[in-house]
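Just one chain follows, in the form predicted on its own, and it is written as structure tokens.
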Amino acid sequence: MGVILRNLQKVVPLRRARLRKDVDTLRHILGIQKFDLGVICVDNQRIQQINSIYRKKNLPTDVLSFPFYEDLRPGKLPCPLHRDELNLGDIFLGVEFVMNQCREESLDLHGALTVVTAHGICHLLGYRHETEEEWTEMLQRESYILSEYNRLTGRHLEPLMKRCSQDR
């Protein structure tokens, strides 16, 4: 199974091949290679529109996840009954929003996109951060994913989650 990577924005120049490779590495770390995954890159206007419709927050954001399996327990992989259920869902990356964060914090765009994608995949796998306990659990999972990613790639990425926040 594979990754569907779409770039629907023209604001930020994006190296899709690099992002695809990073997404494939994250899928390998999590053992989810057999599942399809959609990654859609959008600008601030589109992510704000989606955020407003689905979360009632009329603001742009870095990532929105739409899981195929809505009631998945964190840390448990889905058990599909049919081949067409080998799907984790879709992640919308607010590339323009992430780029603006990178400028403010002097971060590498592609590294930040990888971190945000890992965050989105965690949501597809049932992780949430609406309570302190959930935030801690998700932060631990993201930290593990990124430490493995760093070990495999020689990079030095860290989670962007700093505190319990319902803004994501």
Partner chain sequence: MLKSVVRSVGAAVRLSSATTSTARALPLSCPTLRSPSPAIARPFTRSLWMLNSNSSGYRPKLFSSKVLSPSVSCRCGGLHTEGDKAFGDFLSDEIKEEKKIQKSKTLPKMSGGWELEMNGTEAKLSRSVSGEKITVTFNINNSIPPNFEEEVEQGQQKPAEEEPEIVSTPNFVVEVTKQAAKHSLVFDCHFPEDEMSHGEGEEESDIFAIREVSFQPEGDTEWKETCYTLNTDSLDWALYDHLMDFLADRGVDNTFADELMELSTAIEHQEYIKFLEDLQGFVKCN
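These numbers were taken from a predicted model, which means no experiment stands behind them. Numbering follows the first chain given and starts at 1.
If you look for the form predicted in complex with its partner chain, you will not find it shown, but the lines that follow are about it.
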Looking at 126-134, 42-50, 95-103, 55-63, which stretch has residues with any non-hydrogen atom within 4.5 Å of its partner chain in the model of the complex? 42-50
Report yes if any heavy atom of residue 157 sits within 4.5 Å of a heavy atom of its partner chain in the model of the complex; otherwise report no. no
Under a 4.5 Å heavy atom criterion, is residue 15 part of the interface with its partner chain in the model of the complex? yes
Would you classify residue 9 as touching its partner chain in the model of the complex, given a 4.5 Å non-hydrogen atom cut-off? yes
Would residue 151 sit within 4.5 Å of its partner chain in the model of the complex, counting heavy atoms only? no
